[in-house]
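Just so you know, structure 1 and structure 2 below are the same protein chain in two forms, each on its own as structure tokens.
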Structure 1
């Protein structure tokens, strides 16, 4: 009886999962078919393995350039955010100065504000006054800044859980504040670094709104922007468009298969704590 119930639950869940994955499955099969075949029979399996749609999508989206830009932005944002965020988190956790708690409080208070509040003035200041449009570094800088409060919050909380005796022992051995951070604290931060990295990396990789405000030239576009441009500016190339969408997903899926455990934890822990 109990076994039967479990079997029913299993097949029901499996059925829901297949429905859930339906859009992806339909997407995949149609990237191998000509557009006319997709419109006529969207559910039919492809009759032959053709990659024309992919080569067209790669050309139209300037895929490799977009991919490299996205990697540059994501990797740099994550690294800079990690270094600065963990250092500040360490400072705030260990030095209970008034100025530190004021800054920390301000960081937290402004975390509530949605990006829409910043976008118009940001365009004015950075694209307008400073003329920094189409500058990957600007996008990295802004992404680091927007993600800093959250990172500092998590690093500070985690550092407070590391016994101060460890710091003191290092101090006796002649380590300065900075060296203690580098030799003692930083290696212990590994689990929280993974969490923050996953959260920030996915957010930056998938970001459209912020980067699209500054990156408009073809050679500076990220994947999300390149896909958006391809799908709005071309008409009736449906199958190549779907191939483009799939190309946009593949890099993340590859990551997901490797580190799904950390990714699920990171994404959820990140927003529940934040």
Structure 2
């Protein structure tokens, strides 16, 4: 009976693995084929491995400029989100003021509302009234605002799991509220910091909708927008586009694999008491 259960679990796991990894493997295979071969036999192995699609993708996408823009937006968003989110979560966890409960409830409400609800007013205000189109700092500012409620939610829950006795001991030693956060609490937030960083970085790196609303010039485009260069009204160059997609997602996949061991721990700890 135990062997049967193990066999069932094994085959179910294998099925799920194929289900999720299949499209990614097909993507990789077709980066080495011309577009005509992809359209004709998308699931077949290439008869001859060619790297022309990668060189074409780098050239047509203005890849390195788009990569730098994406890195600037992602890194700055993650850093600002980490600083403000962790400080706010610590404040909410330790100061049980009524106003904090109200503000935290507003953060939760913002998490429910999708970006599409208020994207038109944002475009009219920032791009229209203030003329801030093609500004990376504007995209960073908006990305921080969109991801901050989720970050505060997790930071608050995780901080509530840290014993308050540590804060009391720090105050006895003469630490202020801010120094207690910096010297005592912040080092203990490493798991949740990595968790939030991974989630925020994934979302910002792969974002298309928000960036496409504010970044229209070629020198300001991110990788998600630059991919569209292979799509026109009358044709699509699928193989170079898939090569560009693969080049664009490899850095964030590596980053995700680096921080994956902290994700489950951080999410569980951050949501149980949040």
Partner chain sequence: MMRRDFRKRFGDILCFAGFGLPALVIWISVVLIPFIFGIWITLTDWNGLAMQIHFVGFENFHDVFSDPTMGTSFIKTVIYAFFTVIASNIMGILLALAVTSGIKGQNLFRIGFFTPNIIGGIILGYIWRFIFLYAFTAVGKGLEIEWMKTSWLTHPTRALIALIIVSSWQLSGYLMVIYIAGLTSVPKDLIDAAYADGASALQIVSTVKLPLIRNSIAICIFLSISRAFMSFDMNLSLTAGGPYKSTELIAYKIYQTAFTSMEFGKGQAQAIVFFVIVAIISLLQVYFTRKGVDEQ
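Positions refer to the first chain, counted from 1. The term rigid core refers to the maximal set of C-alpha atoms that superpose within 1.5 Å between the two forms. The structure presented is a predicted model; accordingly, all values stated were derived computationally and were not measured.
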item	value
Pair member which, unlike the other, is the form predicted in complex with its partner chain	1
Threshold 2 Å Cα movement between the two structures at residue 47, rigid core reference	yes
Core-fitted comparison between the two structures - CA shift at residue 9, Å	8.1
Rigid core superposed, the C-alpha shift at residue 32 between the two structures in Å	4.0
